[in-house]
Structure formats: structure tokens, C-alpha cells
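Here we start with a single chain on its own, the form predicted alone, put down as C-alpha cells.
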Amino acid sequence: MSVQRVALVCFHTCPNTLVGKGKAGGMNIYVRQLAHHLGAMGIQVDIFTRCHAGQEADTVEADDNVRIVHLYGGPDSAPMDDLVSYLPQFADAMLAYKESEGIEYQVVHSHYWLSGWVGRKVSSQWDVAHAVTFHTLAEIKKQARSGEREHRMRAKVEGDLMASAQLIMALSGQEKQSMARLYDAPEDRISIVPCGVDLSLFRPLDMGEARRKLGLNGERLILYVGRIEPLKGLDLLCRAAAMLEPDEPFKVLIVGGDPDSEEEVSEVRNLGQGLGIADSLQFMGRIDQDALPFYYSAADVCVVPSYYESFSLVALEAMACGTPVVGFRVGGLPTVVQHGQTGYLHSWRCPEPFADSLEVLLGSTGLKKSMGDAGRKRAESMGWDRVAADVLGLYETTMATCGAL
């Protein structure tokens, strides 16, 4: 029997939420793009997520063969730590929805540990395969940066899911190794499926034209894109920027953040003030996805200074736009960035070598172009259509291997 209908569980954040708002980030893009491309292949996809402010309806026809089903999962204002208490109610609503619709799913694919709790329950009730993609893992985050706080149940739930799921999808080889080492996950049920990139949206644009559109001048331009939170390493970026050649003007464009991150933005501003680079930091706030290619193309270099990145869509988007990347050898970044070819990755979290790599790229037009061209070529092998085809193949293999559960 082939896969005809899939239930994607994305409990805590709707895939249609604007990226950069609240907890919406790479996972939202992943779920949205995976559903779109599965739908384009003729697979019926239902995405189950919480009700939220501003939703169009309980069930939204999001794309060809793709629906977003909003079910109650606690008040929209509920903090992340409180969402666990609403998981049983959400799972029961999923079960009731399937019965009311009179439909059958062949696979349940959960995204993040909260969704995994729900996915395990409903897949067991429906006697179908359960696939899980974690996107981030508690034990890796705690090792990456001291002081990271996670829900007390998270690591245990993640371990239980790895022990029970028929298919575990890791975003990189390092994540697979960490699952086996930190959670004793069965490696024979872990498959590596990297994220993808929208190659039609993220493509090289003329730098001069992009800068004119954004109202930027000829200063050297360093770009950061992402949420503004301690795990993203903006403190180290500021310290590295403060070491750049003072006679050569530069700007650090910080794209991301919303009213929920005002405290973190203030901390970065204060750090920049103390380092004497406050005038070089420019906070752009949240930018629509359609506008991001102009920022990537306008930049001399894109930075990913995170303590931990399960994959880093930002790095891949930048490369697709022909922009070299400087980051750290953490998480899935080595899967994306080829050190010395499409950018630079550093093993130690020191601002000095990070600043050195920035100086090298900012000072060499030829190197920027060669690395940018190599980055685009690398990105062209990682389109979302290929990712969706690989995921569908894993669904089919898992069903054939497991049979009836």
C-alpha cells in the first residue's frame, strides 16, 4: 500500500505564522515547504496545529492537497512551559477530527517534542507509522550553552519518542550521532534528511540593485538573520565586529526580532554601546520572506554565530543567494557550509578568528564571488522538491518494513 494521506503535527506554532514572530522560525518553513511539495506530488496532507489569533478558519485550504487544521491546544497566550498540559486534549481533538471526516492516514509525522507526544498517541490509536523530526533537542542545547533552560519533561519525552517511533529523521549526521550518544536512540531507525531551500525565491541578485532598493550605501555589510535570543550568539558577533579595521566603515544588519524580544534587543544594543560599535549596529526587525533575498544579496557576508543550530536554513538561504557564510562548527552547519569553499566555520567560540574571517571576506571581492558561486551551486542540490521526495521515500520504506503496527 502506498502513501496517500499524511498527518503532519505542528502543535505549538502554526506553519502559516510569519517567520520571526514569536517562536516561528525554520521549523515553520520546513513544515510549510514539505507539505507544499508533498501536495504537488499528489499526497493529501493535513497539518494539525493549535488555534491562534488571526487564523482564517478552523480548517484552511493552504495549497493543492494541503489543509491546515486548527484545534484547541490551550489559550493562544499560554506560555510554552504550560503547553504540555493541553497535549491530551489536542490529541483527542485529532482523533475526533479523523472520525468526523471519515478519512485514513498512512503516516503521522510529528515536528518538535510537543508534537511528538501527540503523534505517538494518535498513531498508536490509528495503527499507523509514526515519524518524528525534532528540529532541536534539549540535551544538545544544554551542552551547547550553559544556562539553557528546558521544560523538565522535554528530554525524557524526546528519549521515549526515539525509542518508540518507527522513523526518526535527523537534519544532519551530527544530530544522528547525538541522538545515539545522548538518548541511546536506535541508529537503524534514524535517517538523515537535511532541510531544503526555495531556489526560485532565494537566488543571486545584483548587489548594487539590492542595496539601492534597501537604501544602503557603500559600507561593508555584515548580515545576521534570525531570532534575537542568547542561543544565537549575537554577543560574540558584537565582540568580533568590534575587532574589525576601524578605518573601514561597516554595518551589521540584524534582521529578526519582534516585540517579544525587546529585552534581548536592548541587551545587544547595550553591548554594542560598551564596545563602541553602537552606530554600526542596525536593527531591522522582522522582514517578510519575499524581501530576504535583497538583504542576502546586498550583504558582503552572512554570519551564523549560534551556539547551536540543528541545521541553519539561514546559511542555506544565504548561499542560494550567492553570499558566503561565517559561523561555527556546531549542529548541522557543517552539513550546509563547506569550510574554505562556501564560507568559514570555526571550532572555537573566540571572537578573534571570527573577526579574521570577516576581514578576509570583506576585503576580497574575488574571494566573495568564488565562495558565493560555490554556495549557489551547493544550494542547487538542496531544493525542497528533493527533500520532499526523500521524505516520501522514507514514508514508503517505513510502511513496507513495519507493515501493520
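Throughout, we count residues from 1 along the sequence that is shown. Owing to the predicted nature of the structure, the values given are computational and were not obtained by experimental measurement.
There is also a form predicted together with a small molecule; it is not shown, and the following applies to it.
**Q** Look at the stretches 322-330, 120-128, 151-159, 290-298 and give the one with heavy atoms within 4.5 Å of the small molecule in the predicted bound form.
**A** Residues of 290-298 come within 4.5 Å of the partner.
**Q** Note which of Arg239, Lys232, Arg211, Arg220 lies within 4.5 Å of the small molecule in the predicted bound form, where distance is taken over heavy atoms; exactly one does.
**A** Exactly one residue meets the criterion: Lys232.
**Q** Exactly one residue in Gly272, Pro194, Gly256, Pro305 has a non-hydrogen atom within 4.5 Å of the small molecule in the predicted bound form; which is it?
**A** Looking at Gly272, Pro194, Gly256, Pro305 one by one, just Gly256 meets the 4.5 Å heavy-atom criterion.
**Q** Glu309 versus the small molecule, in the predicted bound form: is there a non-hydrogen atom within 4.5 Å?
**A** Heavy-atom contact with the small molecule at 4.5 Å: present for Glu309.
**Q** Is Gly26 near the small molecule? Define near as a heavy atom within 4.5 Å, in the predicted bound form.
**A** Gly26: contacts the small molecule in the predicted bound form.
**Q** If we define contact as a non-hydrogen atom of the residue within 4.5 angstroms of the partner, is Gly116 a contact of the small molecule in the predicted bound form?
**A** Heavy-atom contact with the small molecule at 4.5 Å: absent for Gly116.
**Q** Although the small molecule is absent from this view, report whether Arg286 comes within 4.5 Å of it in the predicted bound form, heavy atoms only.
**A** Taking the distances in the predicted bound form, the answer for Arg286 is yes, it comes within 4.5 Å of the small molecule.
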